[in-house]
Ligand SMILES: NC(=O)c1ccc[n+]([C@@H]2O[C@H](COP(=O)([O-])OP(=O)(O)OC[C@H]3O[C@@H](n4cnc5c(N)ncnc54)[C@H](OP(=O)(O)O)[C@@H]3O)[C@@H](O)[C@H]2O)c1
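Below, in structure tokens: the form predicted alone, a single chain.
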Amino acid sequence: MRVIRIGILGFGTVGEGTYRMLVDNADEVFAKTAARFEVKRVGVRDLTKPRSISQDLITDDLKSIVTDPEIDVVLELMGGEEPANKMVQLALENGKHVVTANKELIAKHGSRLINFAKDSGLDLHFEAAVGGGIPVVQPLKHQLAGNDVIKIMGILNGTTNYILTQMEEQGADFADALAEAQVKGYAEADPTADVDGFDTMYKISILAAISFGKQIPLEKVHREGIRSVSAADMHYAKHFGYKIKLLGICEETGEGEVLVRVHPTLVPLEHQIARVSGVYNALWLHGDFVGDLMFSGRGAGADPTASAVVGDLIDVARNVVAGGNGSAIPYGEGMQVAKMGDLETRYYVRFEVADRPGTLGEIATAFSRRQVGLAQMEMITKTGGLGEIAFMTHVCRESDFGTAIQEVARLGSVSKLEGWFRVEE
């Protein structure tokens, strides 16, 4: 019987969940690998924190784990860029296979690390870095690899989806919905990574790299969070037949060029993604041969993420038992990224206006001067001689739309540009 010895870096929610799954499901894992897993060392930052495992397993010397000649596989479950980047590189240099759940690490350093693993005959897997318990990375790398992926879009962050769901269903504003998410443990005390779109940016960048073959420079990914979404926007979106979701989207816009973006998006009520609510995640993709596919499930949490980590670990174990080389699938660097100004889509926009004759005509004329056509409109009367008007446009270029709304905002009949969002059909 082959024994595969494991070193774990990080013993937070994911690390503890992974350890528990390896213990509780040891027989199931053995039946699928013909190997037994033995956790040899667990690296943590704080030795004084109470743990659910033997103190003899714990160390704060991370380097001693990744250089230990008896350890076969390192599970990097710390998160963050450093020291994870240094530890994974050192683990590979010392001949260790690596499984990671670290989205930031892979989004920023994936190409280099995966190529190093491949050249060294080692595995480096990262299913848990993107969809938690939802299997999306492996299908893209294997079962869907023969397809020309046309477009991917997904709800890749459960915290923001929960907040937007509460705003939609309860009529809550952003601040109240965020506070509730924090009380329930769905949002961190500092929610920046989630609500400002960083988490989704890392994940969609990884999916884009796998789909289109090159790492995406993160500074070229368009990123917006959900702080600008209001209960009023939710109301108008529903009136027009849409829901607002924070989406990560990547699509090929030309030969060797992609557009990668993260922002609140109006999605038609009949689209599968619009039906995904609460803390659930979803990924929709369109391939030239497979057509439309949808993956959905719990994208975070101890158990779903542990499931993905152990799934990758089983792949490594099968390779080790078979005596084969590593199966890391590398991708290059330097993907060409299109400009947001070239995007062509529909838009939703809302203004506070003077409630008087001629206002609508002024606004429509200003839009038409910039080749932006108005498709739908809803207006309500407010107090003090003011009104609120929301539009849905026809398809137009983002650069033209951006210029148009700034010109409209300067009209004498318009007192405020309340907000605007892109629309996916």
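Residue numbers here begin at 1 and follow the sequence given. Quick caveat: nothing in here was measured; it's all calculated off a predicted structure.
The form predicted in complex with the named molecule is left out here; the points below concern that form.
Chemist: Pick from 79-87, 138-146, 178-186, 260-268: which stretch has a heavy atom within 4.5 Å of the named molecule in the predicted bound form?
Modeler: Every other range fails; the passing one is 79-87.
Chemist: Three residues, Ser228, Lys382 and Gly419; all within 4.5 Å of the named molecule in the predicted bound form via heavy atoms?
Modeler: Negative, none of the three is within 4.5 Å.
Chemist: Should Gly297 be classed as touching the named molecule in the predicted bound form when contacts are defined as heavy atoms within 4.5 Å?
Modeler: Gly297: no contact with the named molecule in the predicted bound form.
Chemist: Answer with yes or no whether Asn161 is in contact with the named molecule in the predicted bound form, where contact means some heavy atom within 4.5 Å.
Modeler: Contact with the named molecule, no.
Chemist: With heavy atoms only and a cut-off of 4.5 Å, decide whether Gly12 touches the named molecule in the predicted bound form.
Modeler: Result yes; Gly12 sits at the interface with the named molecule in the predicted bound form.
Chemist: Arg45 near the named molecule in the predicted bound form, any heavy atom under 4.5 Å?
Modeler: Yes - in the predicted bound form, heavy atoms of Arg45 and the named molecule come within 4.5 Å of each other.
Chemist: Check each of Gly301, Gly121, Pro330, Gly311 and return the one that places a heavy atom within 4.5 angstroms of the named molecule in the predicted bound form.
Modeler: Of the candidates Gly301, Gly121, Pro330, Gly311, Gly301 is the one lying within 4.5 Å of the named molecule in the predicted bound form.
Chemist: Identify, from the list Arg36, Lys40, Arg397, Arg51, the residue with a heavy atom within 4.5 Å of the named molecule in the predicted bound form.
Modeler: Looking at Arg36, Lys40, Arg397, Arg51 one by one, just Arg51 meets the 4.5 Å heavy-atom criterion.
Chemist: What residues of 91-108, in sequence order, lie within 4.5 Å of the named molecule in the predicted bound form by heavy atom?
Modeler: Heavy-atom contacts to the named molecule in the predicted bound form: Ala101, Asn102, Lys103.
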